[in-house]
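Only one chain is shown below, in structure tokens, and it's the form predicted alone.
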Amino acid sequence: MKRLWLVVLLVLLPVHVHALTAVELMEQSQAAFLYPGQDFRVRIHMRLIAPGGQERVREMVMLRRNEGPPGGDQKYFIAFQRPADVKDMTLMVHKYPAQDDDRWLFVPAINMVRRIAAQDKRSSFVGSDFTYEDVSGRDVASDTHTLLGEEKVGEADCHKVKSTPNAGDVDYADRISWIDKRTFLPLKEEYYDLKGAVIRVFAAERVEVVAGIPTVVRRSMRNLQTGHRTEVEFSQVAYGIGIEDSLFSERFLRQPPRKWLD
């Protein structure tokens, strides 16, 4: 009988569930968005849309391998396949926490591997509204994070977090993220200038579960200053396929292995 009363008492006691801090939310979001699976392969169809409606297309295959737990080192390899002016161009990124990433670009027209300077991380990624840093992600520790509350995006309940860069290494003053409470994926991001005006908007437009992992398979970035926007579709998504570490070397920038790209 005493044991029964003890159980009842424990049930009635108030339960204090640890509420995640803003930093913990951003770490969970980064893990869900950029680090799922030991490795990852995807075919990407990118549409670059000018304010007047003119379109350009970029098609590529992206490979990613984690070198440790979420938040740790990563390696990216991107092979461009269409159109002709970027065909056979390749990009490799070695991403490190707490220090500048290394980026190399192979340009077949001049048969040269060019190292991308760290300060170019905010440059446009192949003419799109995404930056090189957007592709591989920004270190959580590079910003100060503040929890603003909760808000819905569509039907999804989200945490709302403001991230302010610790250094003047970016072209925006603040970023506000809406993080899905269920999946921790960022469903929306707004980038603000020093005057508090929204200058770019990211949207996760479709999420599918692939191999048990919620994955953003359609996303967009709009530049509100220029009216330009970029729409991205993922297909042939695969996790845990055994991508070798040796692939992420300068040698394969010139001759990417076909087995991962076809």
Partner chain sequence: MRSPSLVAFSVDHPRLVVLVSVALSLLAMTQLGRITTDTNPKNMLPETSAVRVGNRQVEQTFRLYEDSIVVGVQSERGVLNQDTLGRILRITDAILQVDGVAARDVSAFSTITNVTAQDGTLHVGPLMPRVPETEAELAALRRQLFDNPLFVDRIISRDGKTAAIHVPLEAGANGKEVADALRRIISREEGGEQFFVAGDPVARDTFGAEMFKLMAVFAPIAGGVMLLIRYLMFRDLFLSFALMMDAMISIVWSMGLLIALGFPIHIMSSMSPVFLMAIATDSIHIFNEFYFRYRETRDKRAAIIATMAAVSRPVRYTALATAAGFAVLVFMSIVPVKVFGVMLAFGTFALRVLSFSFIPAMFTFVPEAHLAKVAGREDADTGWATRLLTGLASLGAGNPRVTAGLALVLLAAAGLGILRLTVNNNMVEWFAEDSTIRTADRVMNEALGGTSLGYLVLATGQDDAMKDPRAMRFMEGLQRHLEGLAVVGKTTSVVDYVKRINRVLHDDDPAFDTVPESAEAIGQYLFLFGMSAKPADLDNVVDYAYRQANITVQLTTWDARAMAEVMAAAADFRQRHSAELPVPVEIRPAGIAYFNLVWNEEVLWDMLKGFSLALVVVLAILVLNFRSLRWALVGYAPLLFTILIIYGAIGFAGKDFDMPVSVLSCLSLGMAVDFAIHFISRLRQRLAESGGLPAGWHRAPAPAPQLLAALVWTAARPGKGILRNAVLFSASFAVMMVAPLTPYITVGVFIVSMMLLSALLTVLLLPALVVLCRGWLFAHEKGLVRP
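Keep in mind it's a predicted model, so treat the numbers as computed, not measured. Numbering follows the first chain given and starts at 1.
The form predicted together with the partner chain is left out here; the points below concern that form.
Verify the contact flag for Ala109: yes if a non-hydrogen atom of it lies within 4.5 Å of a non-hydrogen atom of the partner chain in the predicted complex, no if not.
Looking in the predicted complex, residue contacts with the partner chain include Ala109, since a heavy atom lies within 4.5 Å.
Are any of the heavy atoms in Ala117 no more than 4.5 Å from a heavy atom of the partner chain in the predicted complex?
Yes, Ala117 is a contact residue.
Does Arg222 reach the partner chain in the predicted complex if we count a contact as any heavy atom within 4.5 Å?
Residue-level check for Arg222: no, no contact with the partner chain.
Are any of the heavy atoms in Arg65 no more than 4.5 Å from a heavy atom of the partner chain in the predicted complex?
It does not: once the partner chain is placed as it appears in the predicted complex, Arg65 has no heavy atom within 4.5 Å of it.
Would the partner chain be touched by all three of Phe40, Thr183 and Arg254 in the predicted complex, meaning a heavy atom each within 4.5 Å?
No, none of Phe40, Thr183 and Arg254 comes within 4.5 Å of the partner chain in the predicted complex.
State the residue from Cys158, Val140, Val126, Val161 whose non-hydrogen atoms include one within 4.5 Å of the partner chain in the predicted complex.
Contact check passes for Val126.
Counting any heavy atom within 4.5 Å as contact, can you tell me which stretch out of 150-158, 184-192, 99-107, 69-77 lines the partner chain in the predicted complex?
Correct option: 99-107.
Using the arrangement in the predicted complex, list in sequence order the residues of 51-67 with any heavy atom within 4.5 angstroms of the partner chain.
Gly52, Gln54, Glu55, Arg56, Arg58 sit within 4.5 Å of the partner.
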